[in-house]
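Structure 1 and structure 2 below are the same protein chain in two forms, each given by itself as C-alpha cells.
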Structure 1
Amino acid sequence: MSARQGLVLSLPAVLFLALAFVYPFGYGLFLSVTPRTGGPLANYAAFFGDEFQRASIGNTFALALPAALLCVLLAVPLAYRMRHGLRGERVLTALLVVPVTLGPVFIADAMLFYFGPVGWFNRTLESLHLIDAPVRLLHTYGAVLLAIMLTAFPFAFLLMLGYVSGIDPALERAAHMLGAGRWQTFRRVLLPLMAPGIATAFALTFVLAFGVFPSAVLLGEPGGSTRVLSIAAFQAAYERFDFSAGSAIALVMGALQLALIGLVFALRARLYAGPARGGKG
C-alpha cells in the first residue's frame, strides 16, 4: 500500500478525532480565556482565588483516589484467583459486570430506594429491632464513594482479568519448581508482570471517579464535602450561565487528571523497566 493510500484511509479517523476531541477542546480553551470581564486568565484567577471553589479540587481527589485504589486492590486478587478457575466463575463475572449496564444514575437511584430512611435496609433493621430510628446512610461521603466503586469496579476487574489471563502459566510452574510458594510466586513473578495492567486499571478507574457527577448530586452533599469539580463546572455553566467560567473549571479538571495519569504511567515505566535495566548491569 502506498503512502497516499495510507493517508486516504486514515482520513476518516483523523476527521473523527478532530470533530470529537480537537474541536471541543479548542473551543473550550477559547471560551475559558474569553471571560465576561477581565483578562484571559480571569476565570482561572477567580477559581483558584475562591476558597469555596478551590475546595472542590480536594473533594474530588478525596473521592477519586480512594475509589481507584480500592477498586484495583479488590480487582487484582479476584482476577488472580479466577485465573486458576473458580466455581461459578461465569455467574460471578456476570454479576460483577451488571453495574456497567446500569449506569451511575440508575445505581444512585437504586441506592436512594435501598438505603433511604424508609428503604429496605432501614426497614429490615427496624423489623429485627436492631435500630429504633433510621440510620443516615445517604447524602454522605461514604454513599458517594460506594456508588463510584460500584460503577468503576467492573472496568478494573475486567481489565485485570484480561491482563492476568494473558500471563504465561509456565512462569508460575517454573517458580514452583524452583521452590517458591504461592505468595512468593505472586509477589516476585506475577505482580511485576501485572504492573502495567494495574497502572492502566488504576488510571481508568481514577478518570471515571474523577468525573463523578450524578452520584455526587443524588447521594452526596453538593454544597459540602462532595462538591466536586464537575458540580462546580455545572453550576458555573448552567446555573450562573457563565460558560466561560465553566469551561475553565472543566479544563482544570482535565489538567489535573492528565497530571496524575502521567505520574502513574511514569512510575509504571520505571518499575516495569527496572528488572530489565538491572539485568543489563
Structure 2
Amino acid sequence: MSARQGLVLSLPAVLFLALAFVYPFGYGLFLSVTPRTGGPLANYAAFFGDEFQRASIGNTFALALPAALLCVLLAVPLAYRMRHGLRGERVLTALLVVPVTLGPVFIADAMLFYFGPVGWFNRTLESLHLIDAPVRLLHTYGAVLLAIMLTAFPFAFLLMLGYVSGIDPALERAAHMLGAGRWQTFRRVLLPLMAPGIATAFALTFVLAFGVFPSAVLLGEPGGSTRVLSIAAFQAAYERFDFSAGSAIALVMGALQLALIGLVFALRARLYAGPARGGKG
C-alpha cells in the first residue's frame, strides 16, 4: 500500500474523530477555563471549593472501586472453573450478555418494582420468614451498587473467560506432572498468566462503573450518597445551563478515570508478560 492510499483510506475516520472528538475535547477545555464569571480557574475552584460538589468524587469512587473489585473477584474463580469449557457454555454465556445488552436504564426499571416494598424479592423473603417487614432496598447506595454489578459482572466474567480459554491446557498438565497440586498450579501457573487479563478486566469494569448515571439517579440518592460525577456534570450543563462548569466537571471526571486506568496498566506492565502457550521455545 502506498502512503497516499493509506492516507486516503484513513482520512474519513481521522477527519471525523478530529471534528467530533478531538475538537469538542479541546473546546471543552477552552469552555472550562472561560467561565461566566471569574478567572480562568473559577470553575475548578468552585467545584473543589464546594463540599457538596467535591463529595461527588468520593461518591463515584465509593461505587466504582468496590463494584470493579467485586466483579473481578467473582469472575476470576468462575472463569477458572470454566477454563476447559462446560456443557451448555454457549447458552450460559449468551444469557450473560442479556443484562449487558439491555443496559442500565432497563435494569433500573426492572429493579424498581422487583426490589420495591411489594415486589417479588421482599415478598419472597417475607414468606420464607427471613424478614418481618419489607426491607428498604431502593433509593440507597446498595441499590446502585447492585445495578452496576448486574451489568458489570457479566462483562468482567466474559472478559476473563476470553483470557482464560486462551491459556494452553498443556501448561497446567505440565505443572501437574511436575508434582504441583491444584492450588499450587493455580497460584504459580494460571494466576500469573491470568494477571494481565485481570488488570484489563478491572480497568474496563471500572470504566463502566465510573460513568454510572441513569441508575444513580433512578435507584440511588441523587442528592446524597450517589450523587456521582456524571450527575454533577450533567446538572451543571443541563439544569443550570452552564456548559462551561459542566465541561470542567466532565474533564475532572475524565482526568480521574485516565489516572486510575494509567495506574492499573502501569502495575500491569510489571506483571508477567509472556506466551500463554506451551510448546517449543
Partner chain sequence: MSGTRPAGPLETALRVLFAVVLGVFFINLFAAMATVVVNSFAQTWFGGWWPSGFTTRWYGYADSQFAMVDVLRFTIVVTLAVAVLACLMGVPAAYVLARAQFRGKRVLLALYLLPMLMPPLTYGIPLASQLYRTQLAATLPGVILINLVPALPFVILVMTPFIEQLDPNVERAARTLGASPLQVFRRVLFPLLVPGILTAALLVVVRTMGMFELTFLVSGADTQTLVVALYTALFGAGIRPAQAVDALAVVYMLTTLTMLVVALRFVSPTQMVFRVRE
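By rigid core we mean the largest C-alpha set that fits within 1.5 Å across both forms. Only a predicted model underlies this, so the values are computations on that prediction, with no experimental measurement involved. When a residue number appears, read it as a position in the sequence of structure 1, where counting begins at 1.
Assignment of forms: the chain in structure 2 is the form predicted in complex with the partner chain, the chain in structure 1 is not. Relative to the superposed core, Thr140 undergoes a C-alpha shift smaller than 2 Å between the two structures. In a rigid-core overlay of the protein, Leu17 has its C-alpha displaced by at least 2 Å between the two structures.
The Cα shift for Leu92 between the two structures, taken after rigid core superposition, is 2 angstroms or larger.
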